[in-house]
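Presented as structure tokens, the chain that follows is alone, the form predicted on its own.
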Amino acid sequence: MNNKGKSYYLIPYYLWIALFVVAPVLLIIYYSLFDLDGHLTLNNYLNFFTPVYLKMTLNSFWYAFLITVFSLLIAYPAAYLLTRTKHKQLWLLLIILPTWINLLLKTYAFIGIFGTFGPVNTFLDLLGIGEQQILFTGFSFVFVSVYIFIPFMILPIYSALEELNLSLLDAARDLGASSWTTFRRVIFPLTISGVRSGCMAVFIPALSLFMITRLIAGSRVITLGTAIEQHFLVTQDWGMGSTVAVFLIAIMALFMILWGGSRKGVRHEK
């Protein structure tokens, strides 16, 4: 089959990209050029650089960073232990299984768990600590987000660890390397591709969270995702909401480009 014949198979793919990726982005850019009264303006873009929105941007980056770091700290040891255990497929299924449950259902489950009369506060009360305000805090938001995203961090790291040549570990031990030196000099550098993939799989979606933020953190955590939700559903200022969305899309695209460039650099070094 010639190249022209092969290109026909790409038509559905190009149509999908055009209808569900390019067209929505162009529509968001279009709406961002209008103010609340429907007048054409660039003030929305100028307003984004005010302290209010810059603080939201910093909050988004900060919480996305925390979610990514805590997910990595839990996922890497878990993935490493997973490669050393029996019945790996069963454990992988148990890790993947929570991703099949509706996100809203899991969020409401944590509202019950962290609530005033939930099991966590009941346990704290039995310890004599007393009831604590766990919901509507930064801690509860990060905790629930890490729980939601951690499978997407474990799987790529697990895949990278599975491809690791075990003879290299034996060689490191034969040369007198300690467990920490072996991990730092051999295991982690050779699995950095899985770490990168996991971090991007967590960091990018964490930047745009709004439902978990609203239900778990309430008004204590304000990010770009919640700002977009407020503008579209509460203030009805679609222009400003679209402007925030444009910047959020641009930030995500920039991170993906930088991540792709760093991966190419690592490959060239190898």
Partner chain sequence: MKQLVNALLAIMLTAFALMYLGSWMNSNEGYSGENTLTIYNWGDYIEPELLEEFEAETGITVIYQTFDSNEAMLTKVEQGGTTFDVVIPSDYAIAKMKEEKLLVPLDSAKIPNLSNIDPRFMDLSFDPGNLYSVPYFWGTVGIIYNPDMTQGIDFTSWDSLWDKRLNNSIFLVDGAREVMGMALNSLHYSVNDQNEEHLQEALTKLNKLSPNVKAIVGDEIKMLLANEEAAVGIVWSGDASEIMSENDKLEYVVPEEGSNKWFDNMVIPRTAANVEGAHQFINFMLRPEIAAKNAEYVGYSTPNIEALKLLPSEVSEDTRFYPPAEITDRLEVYDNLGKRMLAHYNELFLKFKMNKK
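So that the term is clear: the rigid core is the largest set of C-alpha atoms that superpose within 1.5 Å between two forms. Residue numbers count along the first chain shown, from 1. The structure displayed is predicted, hence computed values, not measured ones.
This next part talks about the form predicted together with its partner chain, which is not shown.
The shortest heavy atom separation between residue 208 and its partner chain in the model of the complex exceeds 4.5 Å. Though the partner is left out of this view, residue 178 does not reach within 4.5 Å of its partner chain in the model of the complex, counting heavy atoms only.
When its partner chain is considered in the model of the complex, residue 222 lines it closely, a heavy atom lying within 4.5 Å. Residue contact with its partner chain in the model of the complex: residue 31 places no heavy atom within 4.5 Å of it. Using a 4.5 Å heavy atom cutoff, none of 22, 26 and 241 lies near its partner chain in the model of the complex. Figure note: of the listed segments 166-174, 182-190, 104-112, 148-156, the one touching its partner chain in the model of the complex, with heavy atoms no more than 4.5 Å away, is 104-112.
When its partner chain is considered in the model of the complex, only one residue from 80, 143, 91, 136 comes within 4.5 Å through any heavy atom, namely 136.
For the stretch 216-243, the set of residues having any non-hydrogen atom within 4.5 angstroms of its partner chain in the model of the complex comprises 218, 219, 220, 222, 230, 233, 234, 235, 236, in sequence order.
Once both forms are fitted on their core, the CA shift for residue 208 between the shown form and the other one remains under 2 Å.
Superposition of the core reveals a Cα shift of less than 2 Å for residue 55 between the shown form and the other one.
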